[in-house]
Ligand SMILES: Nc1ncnc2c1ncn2[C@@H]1O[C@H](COP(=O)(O)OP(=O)(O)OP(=O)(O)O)[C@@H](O)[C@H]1O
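Presented as structure tokens, the chain that follows is alone, the form predicted alone.
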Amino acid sequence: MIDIRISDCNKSYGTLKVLKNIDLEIERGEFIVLLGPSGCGKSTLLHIVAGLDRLTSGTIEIGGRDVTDVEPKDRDIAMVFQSYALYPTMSVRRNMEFGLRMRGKPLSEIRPLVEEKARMLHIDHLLDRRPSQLSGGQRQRVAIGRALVRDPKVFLFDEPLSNLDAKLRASMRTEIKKLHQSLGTTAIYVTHDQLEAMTLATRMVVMKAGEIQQVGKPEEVYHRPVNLFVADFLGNPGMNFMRGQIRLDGGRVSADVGAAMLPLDGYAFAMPPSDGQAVVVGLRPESVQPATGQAPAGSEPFVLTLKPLLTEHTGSDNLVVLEMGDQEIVGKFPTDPPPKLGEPVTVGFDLSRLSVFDAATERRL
């Protein structure tokens, strides 16, 4: 069942077009993550769903009801902000109660609800403290708790973890995922953090310059990006790109990238390629590893002898920059033994994870 429908959504500030023809359907219980670089329009889209900003044209439906011109308080949504937005003179309890009090709900119903959500978020021992007496992570839990007690149709999260340190972000990410699994409420979450998007989303929406580039499950978007932007934006380190040309020879398809002829017989082309077509071949670093003599099921082993130029130790792996003709690519190697710089190594390529893009249109072939 569709819980949120965004239809032909456009937003302009004067001559500046911030959102362009956005169409998106979100099913009940999904956790949708809007991901993209700063200025791509993801927060603007979230604010429009919340009613904090108005559309230039288009419609927003929540629960089958047109809410395009409905005030935020009447949309049955709850929003968690980056800045926590807690009342500093109120206790945690009063902060969590405030919205329900304003709606005229009796205190006898509010108190047990607040205590239940506080226990769920492990902040029940903090109910009598004020925000200034809390850590950043505790304040964010209070902000989430304030949204939870309202039992809304939709949760909206606007980069809620960006003010926290890396360890606390990871912990809060886990808590948010557990909450969604237990509540099953529809959620839209805005972030520029790829790890948050990959771990939280049931589906990701990748945006660029006010337009949706790709919508799909995290693993689908990561392994089958629809264009060069998505391929380049996702992944740390980013995807390796090798420019070359398609070669058709006796029914076989290859990509001539200068230093090698990469076989593409097993690649699922959306449309037949043409001989001499300029392409960009993409392969993620984890698909470039020391050769073991074995290839993934369903593919032939493909190896090259390449020279390591630089090694970056990341703890669990070594990221190794390899010279490949007049290009450089990055592989992910085990830490032991580390490769010796300048001493050629045999490298295996997992071609089952290959992506091929048209060099002119930058679209996936």
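Bear in mind the structure is a predicted one, so any value in this text is a computation, not a measurement. When you see a residue number, it is the position in the sequence shown, counting from 1.
The form predicted in complex with this ligand is left out here; the points below concern that form.
Interface membership of V345, defined by any non-hydrogen atom within 4.5 Å of this ligand in the predicted bound form, is ruled out. Using a 4.5 Å cutoff between non-hydrogen atoms, C40 counts as a contact of this ligand in the predicted bound form. Within 4.5 Å of some heavy atom of this ligand in the predicted bound form lies at least one heavy atom of H192. When contacts are judged by a 4.5 Å heavy atom cut-off, E159 counts as touching this ligand in the predicted bound form.
Contact with this ligand in the predicted bound form, judged as any non-hydrogen atom within 4.5 angstroms, is confined among 40-48, 319-327, 64-72, 335-343 to 40-48. Residues of 1-29 that come within 4.5 Å of this ligand in the predicted bound form, judged by any heavy atom, are Y13, L16, V18 in sequence order.
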